[in-house]
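In structure tokens, one chain follows: the form predicted on its own.
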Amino acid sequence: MNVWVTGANGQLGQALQSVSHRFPEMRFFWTSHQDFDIRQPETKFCGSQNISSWIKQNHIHAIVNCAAYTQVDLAESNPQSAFAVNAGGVAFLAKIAQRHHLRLIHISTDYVFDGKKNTPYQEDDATNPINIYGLSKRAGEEAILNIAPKNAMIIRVSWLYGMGENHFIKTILRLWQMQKTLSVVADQIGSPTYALDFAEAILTILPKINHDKPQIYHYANGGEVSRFDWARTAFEWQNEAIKITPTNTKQTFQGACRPLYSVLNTEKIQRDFALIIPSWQDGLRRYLEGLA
């Protein structure tokens, strides 16, 4: 299977590259926005070839779309940029998948929900994004559902971390080195998801997709935790002495509203693809061991 991965330099793209050696039956084509900008599909692939010709030449069988505008706060003042990638670019890829009969996995987010539930969100729960980022990601989902390519899957993931510098755990570790005291929100509840676990799940699922119309699934490491307890656990396991105090979302407002509860129910993806999903504690422990 020849797999085209967009957004290969992002957090999930890097995680897919890290686990790709475990899938020798797949041949990967890694691209970033410098190679091909999904916002401007009329541009030439790598500056010389249109995308349809490139797909045919390389016998591409599947797309994993990791390309995304993920700057949640900045999206509030740059909605056009967020929608161009998260909606317009996704619509283009859905049309490409339909035209060339490709499998498609698109990554979405828990931020399509408003956080007003107190039990894990299921795939058919009503969406109601409360920030521009969530609205743009929901628009991307709707584009796939409306274009309706066969063998397309939308996977919503929550609180992804593990690769690169721009994720919650890496940020708090960096802040701790600078100031030795931290305040972390205690009223946002979710399921931290280790990027390497999610990447392995994606590549396990990809050859098994067989749907007449797009399907939505949820993936997250098991269990739920507040950001405060997640951070406190990370420091405790590293035996670091740090003063960490709880605060709330209203006191730390940064521009974009966040859902206070965005735990995802993952029973469907576990059942349909026989996945065993590690707990958030297990994922965090392996991540911290990798830093040692």
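Source: prediction; values computed, not measured. Numbers for residues come from their place in the sequence shown, where the first is 1.
Note that the form predicted together with a small molecule isn't included here; everything after this is about it.
Visitor: Whether 7, 39 and 133 jointly form a contact site for the small molecule in the model of the complex is the question; each needs a heavy atom within 4.5 Å.
Guide: The answer is yes; 7, 39 and 133 each reach the small molecule.
Visitor: Between the options 75, 152, 157, 199, which residue brings a heavy atom to within 4.5 Å of the small molecule in the model of the complex?
Guide: Here the answer is residue option 157.
Visitor: Heavy atom within 4.5 Å of the small molecule in the model of the complex: which of 66, 234, 263, 55 fits that? Just give me the one.
Guide: The residue in contact is 66.
Visitor: Quick check for you: of 178-186, 104-112, 207-215, 118-126, which stretch puts a non-hydrogen atom within 4.5 Å of the small molecule in the model of the complex?
Guide: One stretch meets the cut-off, namely 104-112.
Visitor: Using 4.5 Å between non-hydrogen atoms, is residue 85 touching the small molecule in the model of the complex?
Guide: It does: once the small molecule is placed as it appears in the model of the complex, residue 85 has a heavy atom within 4.5 Å of it.
Visitor: Tell me, yes or no, whether residue 249 is in contact with the small molecule in the model of the complex, where a contact means a heavy atom of each within 4.5 Å.
Guide: Residue 249: no, not in contact with the small molecule in the model of the complex.
Visitor: Determine whether any heavy atom of residue 70 comes within 4.5 Å of a heavy atom of the small molecule in the model of the complex, and answer yes or no.
Guide: Looking in the model of the complex, residue contacts with the small molecule include residue 70, since a heavy atom lies within 4.5 Å.
Visitor: Can you check whether residue 61 is within 4.5 Å of the small molecule in the model of the complex, heavy atom basis?
Guide: Contact with the small molecule, no.
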